[in-house]
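A single chain comes next, written as structure tokens; it is the form predicted alone.
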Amino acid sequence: MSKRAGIVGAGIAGARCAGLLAEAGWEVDVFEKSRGAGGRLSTRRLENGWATLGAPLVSAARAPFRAQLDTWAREGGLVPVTGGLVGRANKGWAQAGLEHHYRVAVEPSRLVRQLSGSARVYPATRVSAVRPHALVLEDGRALEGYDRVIVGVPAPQAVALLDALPTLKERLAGVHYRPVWSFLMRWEGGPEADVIRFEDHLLALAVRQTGGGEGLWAVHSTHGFAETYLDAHEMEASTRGASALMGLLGLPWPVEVEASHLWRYARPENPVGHGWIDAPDAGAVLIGDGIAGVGVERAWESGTGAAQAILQAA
């Protein structure tokens, strides 16, 4: 009889782990509370296309993930960044050092779904508790008999699921995150670039979107801005962000804000492990950035390493 795994979270860590286990012959169920896969590589669909409010750029510092990015680029899923700038309008612009950085050229959730391979992904399905070798869904159903249950969500969300596994819960209790507000903004004018890094305490980065029509950008705040407006209404945060952007770019006319999203768990400040945490007696594994560290690459490595360790142990 084949081995079985239940995974909480269809972000890049969970999808990568799921795909490798499924490729090795495991039956894998992935439960995602959002309507689609992706996590911080999720897709925002628009009337005239798509955009992403998640990870603004993708890059690789190490060979394994670099090979993954090369594959996605060959298949047309990523395009190299060109024309990056750093600065602000009243101080001038300089070329930003953005070699080996990529923008997504297709809906980013497609890349994450591709990673999950033949695993069964259940969107809009919330897990309410993780038990040894079992998951409990929000509707009360207990799904038992998993050889491994794998938790790939931000640490504060994972902690809320782990009452039945107090040792793992304690490992994550000290992980804290810094937030980011992200906005989809449309404007005319400004410097010619695909990526703009701002020298500013309010806004950090703007990335031109390829799938949402002319003049659409994803604009990402600094952590300080998001902490100031952590509990603000979306309209207030958007207005403050648009006002800051107009000043930074020197725009004489208003900026249109088409969407916004607060990422409460954007950057883990104190990850607790070296890729993943395995509790074989409970049949449970923790993966993701709360363990592995900041960035898409670390999340991919977390899912990869956990799957390889599970397969080796099996």
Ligand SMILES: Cc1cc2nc3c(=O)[nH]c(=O)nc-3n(C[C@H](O)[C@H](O)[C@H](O)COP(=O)(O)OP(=O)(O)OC[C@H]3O[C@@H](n4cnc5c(N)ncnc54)[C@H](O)[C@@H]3O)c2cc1C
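Heads up: residue numbers just count along the shown sequence, starting at 1. Everything quoted here is computed from the prediction, not taken from an experiment.
Below: the form predicted together with the named molecule, not depicted.
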{"item": "Close approach of residue 50 to the named molecule in the predicted complex, 4.5 Å, heavy atom", "value": "no"}
{"item": "Contact flag, residue 12 vs the named molecule in the predicted complex, heavy atom cut 4.5 Å", "value": "yes"}
{"item": "Contact of residue 305 with the named molecule in the predicted complex (heavy atom, 4.5 Å)", "value": "no"}
{"item": "Heavy atom of residue 193 within 4.5 Å of the named molecule in the predicted complex", "value": "no"}
{"item": "Residue stretch of 88 to 96, 69 to 77, 146 to 154, 185 to 193 approaching the named molecule in the predicted complex, non-hydrogen atom distance within 4.5 Å", "value": "146 to 154"}
{"item": "One residue of 81, 106, 244, 161 in contact with the named molecule, assessed in the predicted complex (non-hydrogen atom, 4.5 angstroms)", "value": "161"}
{"item": "283, 56, 271, 275 - the one with a heavy atom within 4.5 Å of the named molecule in the predicted complex", "value": "56"}
{"item": "Heavy atom within 4.5 Å of the named molecule in the predicted complex - qualifying residues of 256 to 283", "value": "263, 266, 267"}
